[in-house]
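Next comes just one chain, in structure tokens: the form predicted on its own.
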């Protein structure tokens, strides 16, 4: 690759010249410190996609960066000094600024680094070529490892030897398939896939949280099916998520519901009952909310799509609109609901306003029933009657039925 190919130029984009960015770059420039954008913001900007976090690389030491930023009143958080990283906070942005570095020794996700690298050496330690493109504030691109060509060809390629990059951080194995889903062609890089196959047995060394984060981000991509098929073929999926036996169901779910709901997609991908869903949630360290939801979507599904409108309203009332809708979509993806019936049921859920039971315990005690178990039994009996009547009974009707129950000998 020639120097001209390595260094190209784009017109500076709005995020590069907005006030927050100018404040950070200006503070560094005032101290004679060079700074370039790097990582996801550069990659996404070159693809014309919205950018998220802004990462900056610089030859200056973290101490010098802190000094210059604080001199201009910018708040600095020492988020990773051992690895040369500080975070500059200029609302609404957070800028992660990292000193150019090279790995002296790596062990898992940790590494001992030296801050004596140049731009090329820093690029050589990164994970993928498309993440190792530097962008100067004036729009000049520095591409030491050929990431720009890979980006244009939709090629996800490790920097240098794939096996070495994965050995430095096993999480990169899962990141590879996630990046394939977002930026790849659906076929993958053969050297990368071979290295992932060879290292798949190392995945259990990762924490459940880390695995969960990557799986969720993969499922959040617009269409993760090709990447998941690669993971299956490479023996990675069986290690990372052995419950994943519903790829075809997930594919059909995406066809009928393109919204990128990762938990609903996970429920389609796995084929488990409630007990196994709870075990999966524990292994992946899900929050209680996520655990409860994935369990609620496990089989057997508590819904009969063949029931009439009244039966569907009762099911909606018991399950809630969100769970009802999720189960209808899962059953449709399974093939148990026709397209026309799916539309009917989703319309019903969309137009549903959950009714509120008009009585409470105080209504029972007001009729002379002392507090105790009988209050609960009477209230439950009225509730069952109200529900069986398609929720049509108003407060007066429910009170009348309650009085009838009280007056009727047990």
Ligand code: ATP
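Residue numbers count along the first chain shown, from 1. Note that the structure is predicted; figures quoted are calculated from it, not measured.
Here the subject shifts to the form predicted together with the ligand, a form of this protein not shown in this document.
**Q** Just one of 149 to 157, 171 to 179, 199 to 207, 185 to 193 has residues with a heavy atom within 4.5 Å of the ligand in the model of the complex, so point it out.
**A** Of the stretches listed, the one contacting the partner is 171 to 179.
**Q** Answer yes if any heavy atom of residue 131 is within 4.5 Å of a heavy atom of the ligand in the model of the complex; otherwise answer no.
**A** So residue 131 counts as contacting the ligand.
**Q** Heavy atoms within 4.5 Å of the ligand in the model of the complex: does residue 293 have any?
**A** Looking in the model of the complex, residue contacts with the ligand do not include residue 293, since no heavy atom lies within 4.5 Å.
**Q** Heavy atom to heavy atom, is residue 363 within 4.5 Å of the ligand in the model of the complex?
**A** No, residue 363 is distant from the partner.
**Q** Please check if residue 127 has a heavy atom lying within 4.5 Å of any heavy atom of the ligand in the model of the complex.
**A** Close contact exists here: in the model of the complex, residue 127 approaches the ligand to within 4.5 Å, heavy atoms only.
**Q** Between the options 355, 376, 26, 40, which residue brings a heavy atom to within 4.5 Å of the ligand in the model of the complex?
**A** Only one listed residue qualifies here, and that residue is 40.
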